[in-house]
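The chain that follows stands alone, in the form predicted alone, written as structure tokens.
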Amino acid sequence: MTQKLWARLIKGPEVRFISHLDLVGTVEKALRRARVPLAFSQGFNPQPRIAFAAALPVGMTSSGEYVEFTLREPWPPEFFLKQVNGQLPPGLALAAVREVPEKYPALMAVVNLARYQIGLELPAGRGSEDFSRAWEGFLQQEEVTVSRQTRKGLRRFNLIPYIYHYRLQEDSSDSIAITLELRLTPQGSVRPGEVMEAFRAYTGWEGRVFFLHREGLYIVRDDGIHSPLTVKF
């Protein structure tokens, strides 16, 4: 009987510039060194059953990445946490682990919201009220088209429907903090960097983004927003 575990992974500044593929490979090597009995996929090229809920853009830190591990034999979650953390490099750490019913949907199928923290400079002579007016005017548009190069070619999409919620807070006299919640959908998602680039293109805002951090990934249901490690099955 296999065992399914969900874990929260912290990605610190030491490893902020590694790619998603490198991140997956680093975690896989740590699991091998910890002698975790990973289950493997079927077929001609079996792969360890490790699945991240959503890829994190290069250059970004996170305090709430979520990973699903499938083991071919049960391990106590606390023992799994200790053994794997002993093999992860500086900048990566598992914060918590939870056992999940084997037949419960995959983590990437239920996580549908990402929350980001963004720090933005206020140009000289521009205050937080100026930013608020520009930001709200930007989001009142019915359509903001952004382009992204993918393996299948250039993809164009409207970013407005992906913005779930935001909160603005003056961080200091020369900066503003933005909490930005973005939907994750089966059709895709939008990156916070794409939102900020589109905002600058629309408003001509000159302030530099100096902080970009993913606070966490969440499951939105009718009864509220839940962490994958506390949601009821």
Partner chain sequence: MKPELEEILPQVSKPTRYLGTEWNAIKKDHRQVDVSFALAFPDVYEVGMSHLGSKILYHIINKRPDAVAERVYAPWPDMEARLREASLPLFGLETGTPLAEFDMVGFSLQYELTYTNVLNMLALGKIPLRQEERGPGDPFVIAGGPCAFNPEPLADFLDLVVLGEGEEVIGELLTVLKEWKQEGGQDREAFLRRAAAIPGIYVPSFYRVHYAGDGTIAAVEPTRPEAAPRVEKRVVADLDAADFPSAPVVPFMDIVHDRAMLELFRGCARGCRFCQAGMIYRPVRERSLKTLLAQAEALQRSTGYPEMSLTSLSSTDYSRIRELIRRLQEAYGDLKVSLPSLRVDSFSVNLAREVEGLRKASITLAPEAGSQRLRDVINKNVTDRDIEEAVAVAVAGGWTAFKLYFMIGLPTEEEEDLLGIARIAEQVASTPDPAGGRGVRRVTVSVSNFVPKPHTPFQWEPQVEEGELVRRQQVIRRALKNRRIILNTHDTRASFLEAVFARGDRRLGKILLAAHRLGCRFDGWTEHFDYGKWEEAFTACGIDPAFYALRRRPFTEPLPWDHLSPGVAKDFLSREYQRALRGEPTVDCSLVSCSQCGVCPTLELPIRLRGGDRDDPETVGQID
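Numbering follows the first chain given and starts at 1. Every value quoted in this text rests on a predicted model; they were computed, and no experiment measured them.
Although it is not shown, the form predicted in complex with its partner chain is what the next lines describe.
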{"query": "R72, heavy atom within 4.5 angstroms of its partner chain in the model of the complex", "finding": "yes"}
{"query": "4.5 Å heavy atom contact, R16 and its partner chain in the model of the complex", "finding": "yes"}
{"query": "Proximity of T26 to its partner chain in the model of the complex, heavy atoms at 4.5 Å", "finding": "yes"}
{"query": "Any non-hydrogen atom of Y202 within 4.5 angstroms of its partner chain in the model of the complex", "finding": "no"}
{"query": "Residue stretch of 86 to 94, 99 to 107, 120 to 128, 133 to 141 approaching its partner chain in the model of the complex, non-hydrogen atom distance within 4.5 Å", "finding": "86 to 94"}
{"query": "One residue of T179, Q47, S63, T185 in contact with its partner chain, assessed in the model of the complex (non-hydrogen atom, 4.5 angstroms)", "finding": "Q47"}
{"query": "Candidate spot D22, R33 and F40, all three touching its partner chain in the model of the complex (heavy atom, 4.5 Å)", "finding": "yes"}
